[in-house]
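One chain comes next, on its own, written out as structure tokens in the form predicted on its own.
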Amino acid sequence: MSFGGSDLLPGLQRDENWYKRGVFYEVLVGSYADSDGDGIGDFQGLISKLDYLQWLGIDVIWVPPFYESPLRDGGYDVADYREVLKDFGTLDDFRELVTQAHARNMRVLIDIVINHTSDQHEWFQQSRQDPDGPYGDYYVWSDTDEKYENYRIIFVDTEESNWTFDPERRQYFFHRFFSHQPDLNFENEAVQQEVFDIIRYWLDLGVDGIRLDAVPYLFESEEGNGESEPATHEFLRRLRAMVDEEYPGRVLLAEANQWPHEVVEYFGTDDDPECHMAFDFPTMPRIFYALRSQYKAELEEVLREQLEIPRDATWGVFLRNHDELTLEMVDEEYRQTMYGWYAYDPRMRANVGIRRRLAPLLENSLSEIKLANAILMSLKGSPILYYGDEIGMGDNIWLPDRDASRTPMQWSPDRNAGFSTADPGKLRHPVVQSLVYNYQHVNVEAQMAQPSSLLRWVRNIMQVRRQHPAFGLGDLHVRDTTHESVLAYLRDYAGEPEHPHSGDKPERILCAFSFAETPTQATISLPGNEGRRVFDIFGWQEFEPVSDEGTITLTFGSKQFYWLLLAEPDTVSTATSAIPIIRGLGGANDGDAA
């Protein structure tokens, strides 16, 4: 497969807003490409696919844990923070990945699990064997399991308590997640220093960002609930200060599955910053709710709740990732409704969520997949794609835990989907062979050959997003519409007065989406935009201008969307002269792509 002939860049282009403008792509090393035929993906396999990711238009590669681990939780049970899992290759292979990604102007973000370790980690083994030794206080130990009784249990489908008795130390150890993942004791300054040193270690190797896994749970207290404790935020402020001073231009991404008013605290303030980015968990399930209910109200409400965040901070927005589609941020009635729509088979559920990929969730409806991605690409924040979703990969609900959506990437119709040359029985996870999502017809090679494929559509919509700074840097303002199924918001970018030579000009883009199954017409209120000229930014067709009353009326097909540039009447004479035309992505939703 050829991915175009663009020359390799000598290194990263300077852009202090790279994490705001960029599209992130989560890739599980063990499931992406196997270079040595052992049935397990590895770093050399991933390196061999960097040209594909560059062609696709990916800016940041997010690599989940690849450290030495017993793999009882997909690598989030770390046994050694400085060693690469041998199945994936060597530390030199990882260095080469970073170098090769940077040569293509792509950055690398990695996971560091700082809340807990595997019970196989040397620190824990020393702690349980020698309570008075140097590691004796590295974990949270207690003579009783009755402490912190008001702390919720997160994995309610597998754990009955946050405490587990250790027969060797004859005490209980505390864990917010699985019982084989003891929590580190952040009250111990030595533990804090270990975390600082581990993050320095990987930043010294050239990584551009760190995803801080399970960051709300670092500290415990009798007064609180062990989530977002004041001491956790104080620690993050010190960590951010270290990163800014020693590694300017690198970022911290918080995984904080909390309510919006709590998540926003993980950004800190302009004067006391914490993380550069945080995942937007509340928005994600409401996109899926709107797609099935055909009503915009729930999604519109959460988008109207625009929380103030520091100037250099941004959200990470997503549809799917390696975890279940979490339903923690909704009430019980909402949750049961979502289960009825999207997880009618109990095998589709995990913990408080749904363990399915994007295409199966949406029953392989191309119009819904496109609509969901169009929302993702236009939200305030940086979009994060999950590997394989760009081709509409399926899942395997017969596999245990979250492995249902961690199957091998489907590259071609060849054996093992082109993922590996191994005997099929040696694969760590089998390739998807279901009737609808079989790798023989859902794969990169086939979709590369089809101008109207989902893969090429995703690539093109990402190209359009890249051309418009309003998406990465602009504000979002929800607009009123006359139809309960039609959501509309403005992405408004005023330019960068401190960077007048950046080349980014002010712009205003109207994003409108219909969740209705039937053709729909809606009038959108756009006060302050009277007389502006209206252009579809995919094909540059001109619409009727915004009326003197400050409204525009649009007609939608089933599950259709528009991205419309609102231009000043006297500033646009040749609106399309400098921008390539990419047709068939917006209003048409007919599957065509340039």
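A residue's number is simply how far along the shown sequence it sits, counting from 1. Treat the numbers as computed from the prediction; the structure is a model and nothing was measured.
What comes next is about the form predicted together with a small molecule, which does not appear here.
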Could you check which residue among Glu229, Asp323, Asp80, Glu328 gets a heavy atom within 4.5 Å of the small molecule in the model of the complex?
Asp323
Position in contact with the small molecule when the complex is considered in the model of the complex, options Arg406, Lys296, Arg355, Arg107, heavy atoms within 4.5 Å
Arg406
Might Asp389 be said to contact the small molecule in the model of the complex, defining contact as any heavy atom within 4.5 Å?
no
Indicate whether the small molecule has at least one heavy atom within 4.5 Å of a heavy atom of Gln181 in the model of the complex.
yes
Can any non-hydrogen atom of Phe419 be found within 4.5 angstroms of the small molecule in the model of the complex?
no
Flag Ala214 as yes or no: does it have a non-hydrogen atom within 4.5 angstroms of any non-hydrogen atom of the small molecule in the model of the complex?
yes
Candidate stretches 70 to 78, 453 to 461, 283 to 291, 160 to 168 - the one whose heavy atoms come within 4.5 Å of the small molecule in the model of the complex:
70 to 78
